[in-house]
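Look below for two forms of one protein chain, each set out as structure tokens: first structure 1, then structure 2.
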Structure 1
């Protein structure tokens, strides 16, 4: 009996171990709230789904969406990111340095990039098919990225990926609930339970910024497949909570920040976690600068309660402090709340309320970038990229390099459509208003000039700017092209978009490391924040008006031009055709007015003019005229007979 028991225990153990080594599908859902300095609240949903490698786990999945699995296998995708964004990320007020801003501040419209594991000559075909598939999957017009005029292959300036990378962006794509619903369908619980049930459409789309992103990483096609496919879906929303209660006003001009709760932001509460999720957590992150400004009135930092500055309606389960903070002012704090299985009696409604007014500023990116157009008229213009130093970057840089000449490395990647014909030789750089020679500032530049109707213009540049500069600007001149009427969008007079340029700072890498307690649960979002990533900023989308032809006139133009050609053809042939004797014959035949009517008319005209009337000179060939007339009559009869016969036999 005991032997049997020990054998069964051993067997169970072996089975357990083997099942663990085969891997399991995992799904976790997380939500992060962060109060922003300008009285808004950032909400960041993070859903992560993992599928083990196919060769050990097989083709059938429980949690992982089949559409994505088939996508990865059909197009042999190694990495892919697709984002739908509406609104502009405010780098000044919402931050540009932390991991969430770097990975979730996206350009407006659709952005898609993908790395394929196919031979280089098949990458374009895979890209085309991928755009069509994604277009159908997400009900968006991503298929416009299929033509070679819309995408490019950046070499080295985009996220340090190389090889079979393709990048494309559609700035004018509008994002609506039609795109959100298929995105939510990829989640195991859809939007029925768990954190995704908070996604109330009117609340999301009334925000200042919302961006839904899908990031896919797979090593299925590597020689040794370890991790399988990892699908990360994030939704980042910036909302402004209504200030619900009136608070006593405080001294000076300081106003209390608005208090918010899940029900006030989204209008819904969480009834329970998604049953298929491994873990479901909510976090509230207070930035370093905020913690620093609150420190004076904070009684005990190590306790779970915020004390006299703010309060939660639900007490947090754990509190994590940031270690190795780059920010001089202080470390950020992360409060974690776990969501259990059943909240049907008391729904989980996290609320945050302020007790004392406090102001803080977020950590900005090293430079403030903006892009604008110069020039007037519809023939030429110039693109200008302006980089201004932020006070935060000044202090950071001075601390780093004291000895040798300090340089800030800035990578620029810009994609310009073919009808904006940029002249790259007219690049000018100004630092603090003074013109610089290009060799001083540009370390490396790679340009792929545009080709009419074939490919866009791609510019990748590494700039080395002095650390102590106040502002720098880069200008490029361009000519505007002229398009066929079919190539204009329906609202042609609005103009055409130049997609955002991507500015990255490879010198800096941002990460947020949190000291995890012993009771901490493994959180994918937090561990993702701990990875080093480069800082990215996106510039504005530029709107360029182009001259339009008159769209109402295709027929008129064609007929008028063909009339001119016919005029040329006919009159020149006529001039060439005239023979010597013909003019005399023509003149003679005019004098021959033998008809009675003509005689009468000439008599009348002579009487009116008061001249004596002369009878016209009679010239012989009346017989010839009669001959001609009989010939004509015979011809007419013949044609009529043919026509009659045709009608009779055919009709």
Structure 2
């Protein structure tokens, strides 16, 4: 019987261990490089941590950050995204029709949105608590989003999400190493080993654009939880490489793109992967337009005798895999390198050398969007949203074979602070310079007007624009409000920011499609790039000047008031505390100390002059006391009169 019990316990233990191993935590790290047309390089770090459901694994984790796990369970978060961005994504030069631009091109400052799995009456309280927690976790001013004047609840236009969703943005939030360090602490190896060791602070913050992003997805509160919690951390940087030694086999009139390496971009090399990472890969992606232009350049140069059909060299020459993906303008190429076997004695340093001069352009979004202010003065103004067609939107007309009218759907989401009082009934739309009826262009519109010191103004709109248009514009008039003196920021004269508007194109989705079957490739970053994503872009942040008081006046009033009161109370206390008798005794004691010397001198003087000596006469104390008391009374009356007059005229 005892043997049977021991065997049963052993079997149960084996089953328990096998069930836990089936749901183990995973951590992967990846890095993607992409040359850009304006002689810059895009570096995209991607870290992914997965934790199985709590009901099958338990509350304790080996790799997944405990702070994020507690955050999910305390506030019942289903989805959350937080980004810290410095700079603005250049949609014309760096592209807008690819997965990285749609998911990692963020507005300046801080952007936060979250979906909660709580009853609707508890969403606002969960949001406020979440902002305070994230503010302390990432050492930022995210707690400013707790106020109802700083966040909104989009209905249907924001990322096709609905329900218990809250969105907020802080355009003026500065991004520095104090925000990056807590972000790195969420990684198992931090920045001590693996790809995260490349994150040299001077290299990152000297770039033209950098955005650190944290995306959280959880199904912990589903009755049938399958995936658990997935944490995706990305860092997107645009750097200007220092030109390395170029290939000597070509010298032409056109200038070569700058060559680069990991050590030249970040000043470091990778000594090996993170010991806790399941996989660690580095990729180099060449867009389809770049590959197409390189082939044309190579064919047009007869004197060039290269060893490849392409005008570049990649080092080291140990590619893990070469993938051809289908792009809008042809086949793009994705080179993969594994650093699982690298170590400190044999570090990994990826290098990219150009051999031919080549020019190309990234695939742009369907429309080029910009936003600006109209009007002058500190009373009224207008917000203008400009939409201009690109090569991609012009090709839609050629693809329309049914003969029906082609329309381009554009979703607009705009959040306006309460002190910018927008008059939504003044909305005007122009297409190719001609005014249009709102009913012909606007398919759906939802407006939530602002309420003073309570809530911001929110506008959600679906536009149906003709595909053959060249340009379109939308204008909204507004009045500038007045703030209380306590509501002005320290740099009020700089102006007030209106967060970026979000423009999306639901009819257009982008993803990375492979030419061949790639079931053997198991890369979280590449898998994310294969998912369909709606094209998304952000407009500029508007800077609105408001009427500001002269902050030097309160300062001057406070200063002179404090000075007068100090003189008044100081003189009054000095007069009240001074005693005439003590002064008289003090004078007499001084006279006694000098009396003997004075008598001796007077006797000596009388003997020298030959006259009889007479004792010196002293002033009667009664007259001195009367004089001093009269002086004190006059001073008290004068100070009281000054104080009364000041209070009367100041009141």
Partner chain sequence: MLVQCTMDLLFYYRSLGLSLMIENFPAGDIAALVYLWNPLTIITCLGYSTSPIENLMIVLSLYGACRRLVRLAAFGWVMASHLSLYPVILIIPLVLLIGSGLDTPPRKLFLQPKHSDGYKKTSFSWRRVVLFFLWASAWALYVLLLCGISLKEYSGLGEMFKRTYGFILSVEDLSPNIGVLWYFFAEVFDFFRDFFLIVFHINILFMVLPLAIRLHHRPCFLAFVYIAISSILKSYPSVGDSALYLGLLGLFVNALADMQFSFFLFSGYLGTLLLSPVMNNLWIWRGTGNANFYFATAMAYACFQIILVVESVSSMLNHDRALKKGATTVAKKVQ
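We call the rigid core whatever largest set of C-alpha positions still superposes within 1.5 Å between the two forms. All values reported here derive from a predicted model rather than from experimental measurement. Numbering follows the first chain given and starts at 1.
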### Task
Pick out the form predicted alone: structure 1 or structure 2.
2
### Query
With the core lined up, does the C-alpha of residue 493 move 2 Å or more between the two structures?
no
### Message
Superposing on the rigid core, I want to see if residue 454 changes position between the two structures - specifically a Cα shift of 2 Å or more.
### Response
no
### Query
If we fit on the core, is the Cα of residue 564 displaced 2 Å or more between the two structures?
yes
#### Entry: between the two structures, C-alpha offset at residue 644 (rigid core aligned, Å)
24.4
